[in-house]
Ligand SMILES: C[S@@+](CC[C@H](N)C(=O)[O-])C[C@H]1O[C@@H](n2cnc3c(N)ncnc32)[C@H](O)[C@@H]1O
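Here you get one chain, nothing else, as structure tokens; it is the form predicted on its own.
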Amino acid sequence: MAWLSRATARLAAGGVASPRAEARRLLAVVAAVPSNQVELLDGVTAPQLAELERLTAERLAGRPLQHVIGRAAFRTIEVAVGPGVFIPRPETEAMVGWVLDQLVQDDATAPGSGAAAGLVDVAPVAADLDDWPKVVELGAGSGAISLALAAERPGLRLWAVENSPAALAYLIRNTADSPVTVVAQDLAQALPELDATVDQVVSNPPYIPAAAWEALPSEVRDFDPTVALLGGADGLAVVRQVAATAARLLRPGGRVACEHDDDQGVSAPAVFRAAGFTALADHLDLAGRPRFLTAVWPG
């Protein structure tokens, strides 16, 4: 497939880390087929080839692949992304997996679940909306976390909190026709009407220390919004806000999961310990680096 080989060679020569995979993704977008079917194409039209050349050139100019195609994959879903909204990363998928595992355990231990007989495989959808678990995402950005939870665990009441106008535009677009409620508020003051009633809080807040800014890859520094990256002098300014808001929102026994920088595996849990949380644990991402903490609000 000459056009795929040509795009792959151009991306490789330009220093793209995964040139074949990215060339397949670009061709899939141009031809409007799934990425795993590009090799089955009989050919591409002249306009499609021109579009492939244009997208390849944009990628070689340094634009993130997700901005070039306008989409980002996250677990089982895709979300629209572009300038002004943080691109969801694979590292965050492990935190979402942890939240899903906890919800499955809750289902298995619920009265009448049939767990003792080993009958629980898929989360049931409660007949009464009031019985659905409440999950709040703080600093939702594109909404990838909330949408992944909605896709993989039916029967959740989900609120996605965001206050950046640019990110809100993507959040509203991505959550249309979904069970996610968009909340245009600062996460520090969000949802007082839910105080002491929420089952799960989850957040991927800004956590990069100011001193680490120049060391960030240019693709991150130049294209992800600064407000979604920097977390103050020590990187924990917004993490502290997440801890305070989670303590306010969570019911006794409710849980929080919060992403952090890979050198904050001790300092980030300490923030939540100081806020009164118990059962503190820190977890590794898919690359084996400290990436997110979990804790329980004792009430």
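Numbers for residues come from their place in the sequence shown, where the first is 1. Everything quoted here is computed from the prediction, not taken from an experiment.
The protein also exists as the form predicted together with the ligand; that form is not presented, and the subsequent description refers to it.
Across the options 214-222, 173-181, 199-207, 97-105, residues that bring heavy atoms within 4.5 Å of the ligand in the model of the complex belong to 199-207.
Only one of A169, V227, A110, A151 comes within 4.5 Å of the ligand in the model of the complex through a heavy atom, and that residue is V227. Using a 4.5 Å cutoff between non-hydrogen atoms, Q185 counts as a contact of the ligand in the model of the complex.
A140 belongs to the set of residues with a heavy atom inside 4.5 Å of the ligand in the model of the complex. Among heavy atoms of F86, some come within 4.5 Å of the ligand in the model of the complex. When the ligand is considered in the model of the complex, Q241 lines it closely, a heavy atom lying within 4.5 Å.
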